[in-house]
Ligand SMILES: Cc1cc2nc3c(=O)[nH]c(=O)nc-3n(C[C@H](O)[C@H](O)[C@H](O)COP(=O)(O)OP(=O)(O)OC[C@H]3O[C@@H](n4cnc5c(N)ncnc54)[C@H](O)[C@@H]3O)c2cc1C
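Next up: a single chain in structure tokens, the form predicted alone.
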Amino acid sequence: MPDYDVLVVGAGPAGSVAAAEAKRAAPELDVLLIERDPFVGTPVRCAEGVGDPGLREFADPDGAPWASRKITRVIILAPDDTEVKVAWPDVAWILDRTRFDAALAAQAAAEGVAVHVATEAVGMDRTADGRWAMRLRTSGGEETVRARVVIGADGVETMVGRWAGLDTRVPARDMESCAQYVLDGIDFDPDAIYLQFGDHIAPGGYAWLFPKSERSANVGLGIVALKSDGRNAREYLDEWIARRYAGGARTGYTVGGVIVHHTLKRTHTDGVMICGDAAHMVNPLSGGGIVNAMKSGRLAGRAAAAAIRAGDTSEARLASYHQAWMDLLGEAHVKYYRIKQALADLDDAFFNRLARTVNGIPSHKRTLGRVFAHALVRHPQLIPVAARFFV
């Protein structure tokens, strides 16, 4: 039975960064990164948007082949289609996730990590010597490897967390069903992302357009099934596209789920940590998780290396990983979750009025902070939202 010090399951941004960080922190360790799919980065199941500051902590997007588009503006659409152009202090990027994820895995390999694709984890058990035995399925059959620490970066449907006894359940109200097309030949501002809210457009979620080029974009939406009228996400998306982007050529399609919940209460146990989407480390307001995944992977990789060097991979030792995440972003996500809950109580008519009010602010002063402060004065109904954020 082959032995590894660290086994990372899932070669998305969280897993590749975790594997690379573990090897970088302790070069003497044997680190294995496995990916279920035959190619790292496929299939793509996200809108591919990411903020510039967080991205630069891990990779330089300037001139990179995996950076599809630089974004400098945000346009928010009210339910009645009123446009609100928001001044954005930072730029953002639309990635080519197929290339980006492959580049992160290549960085891990360059550090000395063994990267195996088309390798699926199918079961995990504790061994007598305190390690984890992971059963793997490949094209050549099944094999079992042992590891001192397992890092689960296996996404929304995480099995590593369940096998380790962690509670990874998601409340139905906090799970969004998403559908997205790649549309070619449509008109939009190629330097802006578009977000539209509305109970009749995307109940419980929102619709988006993220440019990939001058005339091509990721166009999708997410809904909470409990708030829908019985239609699925694709049916809502088809209606939205027919109204706003009729005539666009659909050159790609994907579906998936996004967790808009706060971080799990337990993300670790003896010899196991889970990170990224697997641990619900997603911004509950936006559903964005790429940078969060990489940051959590970095913490997990470093924690694994330190624990192995100390000869202690117990739950108590790995608790430092969970606390480091909560200090970094986890507590902030709890506040964002409260805002999400409060906003869910406001109807479309309120947001239409708010959009018209906000457009009274000079465009160069229309930052999110000013928008919120102005809204509190003109719309006292938002005061409970602010209170729930700061309490």
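Computed from a prediction, not measured in an experiment: that's the story for all the values here. In this text, residue numbers run from 1 along the sequence as written.
The form predicted in complex with this ligand exists for this protein as well; it is not shown, and the discussion that follows is about that form.
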Just checking whether Ala47 would be counted as a contact of this ligand in the predicted bound form - the rule being heavy atoms within 4.5 angstroms. yes
Evaluate Tyr321 for contact with this ligand in the predicted bound form, applying a 4.5 angstroms cut-off between non-hydrogen atoms, and reply yes or no. no
Do Glu120 and this ligand share at least one heavy atom pair within 4.5 Å in the predicted bound form? yes
Looking at the partner-bound form in the predicted bound form, is Val115 within 4.5 Å of this ligand by any heavy atom? no
Selected contact from Gly256, Pro203, Pro211, Gly161, since only one has a non-hydrogen atom within 4.5 angstroms of this ligand in the predicted bound form: Gly256
Interface check vs this ligand in the predicted bound form: of Ala108, Val219, Ala147, Ile290, the one with a heavy atom inside 4.5 Å is Ile290
Only one of these stretches, 240-248, 73-81, 226-234, 149-157, has heavy atoms within 4.5 Å of this ligand in the predicted bound form; which one is it? 149-157
Heavy atom within 4.5 Å of this ligand in the predicted bound form - qualifying residues of 260-276: Cys275, Gly276
